[in-house]
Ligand code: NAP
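Just one chain is shown here, as structure tokens, and it is the form predicted on its own.
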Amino acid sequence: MTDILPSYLRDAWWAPARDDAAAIVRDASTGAEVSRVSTTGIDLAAAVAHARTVGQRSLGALTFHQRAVLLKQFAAALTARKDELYALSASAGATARDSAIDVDGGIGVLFTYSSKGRRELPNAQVLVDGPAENLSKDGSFLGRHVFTRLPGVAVQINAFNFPMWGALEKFAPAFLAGMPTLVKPATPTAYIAEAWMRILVDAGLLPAGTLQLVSGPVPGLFDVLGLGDTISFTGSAATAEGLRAQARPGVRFTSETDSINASVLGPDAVPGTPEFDAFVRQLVTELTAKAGQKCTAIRRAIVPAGLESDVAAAVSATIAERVVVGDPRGPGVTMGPLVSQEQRDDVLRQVAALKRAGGRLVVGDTDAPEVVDAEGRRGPAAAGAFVAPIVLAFDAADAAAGAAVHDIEAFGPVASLLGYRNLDEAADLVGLGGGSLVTSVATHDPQVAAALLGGIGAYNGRILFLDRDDARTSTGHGSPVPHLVHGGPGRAGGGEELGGMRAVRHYMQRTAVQGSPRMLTAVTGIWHTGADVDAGGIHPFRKPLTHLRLGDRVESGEREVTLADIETFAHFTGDTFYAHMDEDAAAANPFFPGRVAHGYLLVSWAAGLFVDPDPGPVLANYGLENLRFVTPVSPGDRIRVALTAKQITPRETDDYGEVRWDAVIRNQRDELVAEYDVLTLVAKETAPPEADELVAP
């Protein structure tokens, strides 16, 4: 390494040989130099071209499941060396708890997408979206939506507060979708991004061209992006708008920006209730975690009028009891500094603006706090970027529409306290933030929760209802999870960097495909009714996964349903519903001609009609899906079943896979009785015979 932080481009490390004007990054607690950042002479056009060619080829050769397995391996590699990342994070002002949010949070995203990718996606390269649409009377012309991967590069421009989690939350779904990524971290914490990137490179796990890192400015990058590329930005709303204007037509631009998030104390959550205590603890957590430098932190605490002083007193007492400000490497420190002195100065400027707008300090002050240094000594902060937790209270007139409290974000340990007179007013105050990532509501009253959801849902990407039942298990106001949407409307930017499969689809193109059942089967990897079938020869249940093909079918003979069968099933199961037992009552029902067979009797008999009973490749039946009963079956009717291999999904890490079978039950008049999917686990290969079986008797 040179003294300038390197970038990772075109599968190699690169740094300028020299740049006397390189930006200097300093330790947030001591002011000591940590690294220098410059990209003078960088060739970003070549990096983008490398992603579009080499990276696309690498990922295009892999299925969703193969990519998911790699994500798990990435997570394991980072886990093995996360202590190094914790140590580096301390230089950015992160305590051990803060580092867990960033480092372990990022690793957790990789693990989660690996798991969800293998459970929720096919072991294929095309993802279907919704059911097929029949576009012709005879079923010869169908339509279906599919997702295919975008052909470009996923560019991500990240904020300083989460150099690892912020990057991996975008990288994981893009990688799973099959799109290479170029990461541009914020300068103050770029050295942490370089460290986790180096761990992945050292592990030798990255397919060529799939992940690149730019440690510094990206001059001219937007000029070389076009259709098929994406840009995901995290940072200020103002910067997002400026970047959005630079993006060329065809480039997907999404942003996750600063938002004036709220936490509402329900009218039932009075002092002494578990909800009041949970509200206060959560507010203190959001003030102090990452020193309040979180896009999801609480900026407005909205409480019933008359409780403002109780909340302020409780917050102040909790801070005095639990919060120790200082160097994260010092003993007992629970809250570190802001990321830089520049960030500290900006936060104090925003606090001054809030005071001019009517805010009065009710917790903390703007004086430099006494802090604990790395050796445990307490004293004034000599060079660090320290700010103690601050809460400002606003009167109703100063919290009205258009007030600064709903627009100014002090991106640090700062929150505002607002009173409301009724739930409608509370909802209005939340909405005045102009669109937020998250609002939490502390209440044990379901009616309060329902009323506020209706009033604030449209203004938020996520809403957390906090009460005594989930206070201990809740991930908290400020902690997004990869399973659910992280983003928000309006000022919050509208991005959805997380959100399970929603995020994966963001990096893919939805396309409506039309064609014959045979053609749609070929392009989607899912058998469609009307496509080719093979109902002759060996029973499909005798075929291991490697020999099974879409369209392999078994067609059963008929079985007659008698009144005795219906009554036996009713008494054996206890299901004596009148439609099966009372002729007159059943005939009076508009859906039945008289007594009819149980639907579950028909499904059970269907299994008996299509199953091959001997041991073989089929290991287990693990469910039915999409079951619909269409035509009632009366005593004397005969049923038959056709079972067709619909989708075959090998598991990458197991010696078996999943097979989805299309099951159709019809009666003697060829009317559709029922249809559903049968799910089975099938061995990839038939087990070889034991040695003694090879010896002739």
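None of these values were measured; they are calculated from a predicted model. Numbers for residues come from their place in the sequence shown, where the first is 1.
Although it is not shown, the form predicted in complex with the named molecule is what the next lines describe.
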{"item": "Heavy atom distance at most 4.5 Å to the named molecule in the model of the complex, all of 185, 233 and 257", "value": "yes"}
{"item": "Per-stretch contact check against the named molecule in the model of the complex, the hit in 234-242, 196-204, 305-313, 385-393 (non-hydrogen atom, 4.5 angstroms)", "value": "234-242"}
{"item": "Heavy atom within 4.5 Å of the named molecule in the model of the complex - residue from 218, 352, 607, 400", "value": "218"}
{"item": "Single option in 460, 161, 89, 181 placed near the named molecule in the model of the complex, where near means a heavy atom within 4.5 Å", "value": "161"}
{"item": "Heavy atom of residue 157 within 4.5 Å of the named molecule in the model of the complex", "value": "yes"}
{"item": "The named molecule contact at residue 373 in the model of the complex, heavy atom, 4.5 Å", "value": "no"}
{"item": "Contact of residue 467 with the named molecule in the model of the complex (heavy atom, 4.5 Å)", "value": "no"}
{"item": "Exercise: residue 295 in contact with the named molecule in the model of the complex, heavy atom 4.5 Å", "value": "yes"}
{"item": "Heavy atom contacts to the named molecule in the model of the complex at 4.5 Å, residues of 405-444 in sequence order", "value": "409, 411, 437"}
